[in-house]
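Here we start with a single chain on its own, the form predicted on its own, put down as C-alpha cells.
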Amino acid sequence: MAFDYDLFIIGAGSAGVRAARISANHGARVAIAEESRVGGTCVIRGCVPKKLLVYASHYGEDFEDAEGYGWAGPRPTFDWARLIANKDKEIDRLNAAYKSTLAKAGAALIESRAELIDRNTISVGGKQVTAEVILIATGSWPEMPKVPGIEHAISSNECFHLEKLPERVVVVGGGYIALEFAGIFNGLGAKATVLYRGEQVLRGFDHDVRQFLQDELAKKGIDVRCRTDVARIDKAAGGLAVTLSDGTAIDCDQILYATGRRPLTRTMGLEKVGVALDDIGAIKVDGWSKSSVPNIYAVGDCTNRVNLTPVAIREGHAFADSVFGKRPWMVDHADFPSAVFTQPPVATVGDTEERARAKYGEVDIYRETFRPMKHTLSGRSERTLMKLVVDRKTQAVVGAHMVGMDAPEIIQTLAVAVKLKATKQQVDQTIAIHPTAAEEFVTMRTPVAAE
C-alpha cells in the first residue's frame, strides 16, 4: 500500500518536533499536526515562560541584597503588564523558531487537530491522510478536581496570561509546579498561601530536601499548610472565599490549582484503533516507545514515564533513529537529573536516601548546610543544603541532592558523575574551585549518618 507519509506525528511539542526533524533528516516523509502553537507545554505554557517569571521574581530580593554591597537609591517599581508582554514576545520568537526548524528539515506542519480513523489513517484539517507509522506526542494537560466552585480557579496555563498581578494568591498542591508559582507570586509582592493535603511538600523527593525547602519557603513569607484541603470556593466581595476542610476560610484574589496533570489522549480515536491506555489515560509503551498497535508509537508526557522535557526530547530522538535511521537505541530512564525552580531552587539526581536504603541496604550519607557567601553581606538568612548518598559496599555515589542558590547548574554537572557511577573516593580526589558553593560536594569527608 502506498502511504501519503512515512511518519505522521500528532503533537508538535518538544518530543514531536525532535522526532519530526530527526526522522526527516533520515529521509522519511514526515507530517506533524498541532492544534495549538508549536513548541508544546514547555515552550508555550510551561518551563520557558515559567523560568522567565522566576527570573523576574528574584529582583525584589536582589535589590534588597544590593544594599549590603554598597548600592543605594530608590527602589524600582514593578510592572506586571510589561513582564507579560515581554514574555509573550519571547514565546512568539520560540514558536516561530520551532516552525522554522520543521520547515528546514522538510517536515510538513499541519496546524489542525488530528484524530485516528484506523491504524494508518488520520483525519486532519478537514481531510484524511495515511501514514505507515504514527507517533503520538500530545503531552499532558492540567487536571482540575471536582470541588464546588472549581470554576473560579485557574490552572498553571492561565497564570501566564493574568491581566494583573493578584495581591493574595492561594496555590493548591505540593508539587514542583505549585511551589514554583508560589515563589513567583511571593517574589513579585503577592501574599502566597500553599495548601497541600499531604504530610510534606515535594512527594517523592529526598526527605531532607523536602523539610529543608519547606523551612526556607516559610522564611520567604510563603504560608505552607500541609494536611489541608479545599472544601469549596465561593465568590466574595473583592475576591474569593476558600473554605478549607476544617471549616476555616481564606480570602484571596486568585486560586491556582496545581494538583496534577493528565495525559492528553482523550477523543483522539486511540481506543478505537486498539491502542492500550492505563487507568489515567497514558499510552502503554515498551522500551522502544511502541504501543500495543505495532505501527503506532508514543513519546513524552502522554506515556507518563518520566514527565520532563529533556526526557521527552531524548525519547523522540531515539524513536527517529530506531525506526528511520537504522540506529536502534533505547532511552535509559535511570538516574536522570531534575530541578525545581523554587526560591531557593532544588536539584537532584539519582536515588533519594530512602530509595537507596531499600536498594542497597547499607549506605553512607554526607550532608552539609551552610549560609551562602553572598548572604554574609546581604544579611539574608537563606541557607543551602547539599547531600550525597553513597552505596557503602561499592562506594558509588548513587544520589546527589541540593537546595540553594545555583542548585540546577551545579547538579547538572554532578549528574555526569552519578551516571558514570563515580565512587566517593573519585569525587574526593577532585580539586575544589574556591570560593564556590559547589566545592562543598568535593570536600565532604565524614558521613553524618550510617547504619
Ligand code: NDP
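Sequential numbering from 1, following the sequence displayed. Keep in mind it's a predicted model, so treat the numbers as computed, not measured.
There is another form of the same protein, the form predicted in complex with the ligand; it is not shown, and what comes next is about it.
Enquirer: Within 4.5 Å of the ligand in the predicted bound form: all of Pro145, Ile177 and Asn307, by heavy atom?
Expert: Yes, all three are in contact.
Enquirer: Heavy atoms within 4.5 Å of the ligand in the predicted bound form: which stretch in 347 to 355, 178 to 186, 71 to 79, 110 to 118 meets that?
Expert: Stretch with heavy atoms near the partner: 178 to 186.
Enquirer: So the ligand isn't shown here. In the predicted bound form, which residue out of Gln254, Thr259, Ser291, Gln343 has a non-hydrogen atom within 4.5 Å of it?
Expert: It is Thr259.
Enquirer: Within 4.5 Å of the ligand in the predicted bound form, heavy atoms considered, which of Arg367, Arg232, Arg197, Lys87?
Expert: Exactly one residue meets the criterion: Arg197.
Enquirer: For Lys424, is any heavy atom within 4.5 Å of the ligand in the predicted bound form, or not?
Expert: No, Lys424 is distant from the partner.
Enquirer: Taking 4.5 angstroms as the cut-off for heavy atoms, does Pro263 touch the ligand in the predicted bound form?
Expert: Pro263: no contact with the ligand in the predicted bound form.
Enquirer: Can you check whether Val172 is within 4.5 Å of the ligand in the predicted bound form, heavy atom basis?
Expert: Close contact exists here: in the predicted bound form, Val172 approaches the ligand to within 4.5 Å, heavy atoms only.
Enquirer: Under a 4.5 Å heavy atom criterion, is Lys50 part of the interface with the ligand in the predicted bound form?
Expert: Although the ligand is absent here, Lys50 would touch it in the predicted bound form, with heavy atoms inside 4.5 Å.
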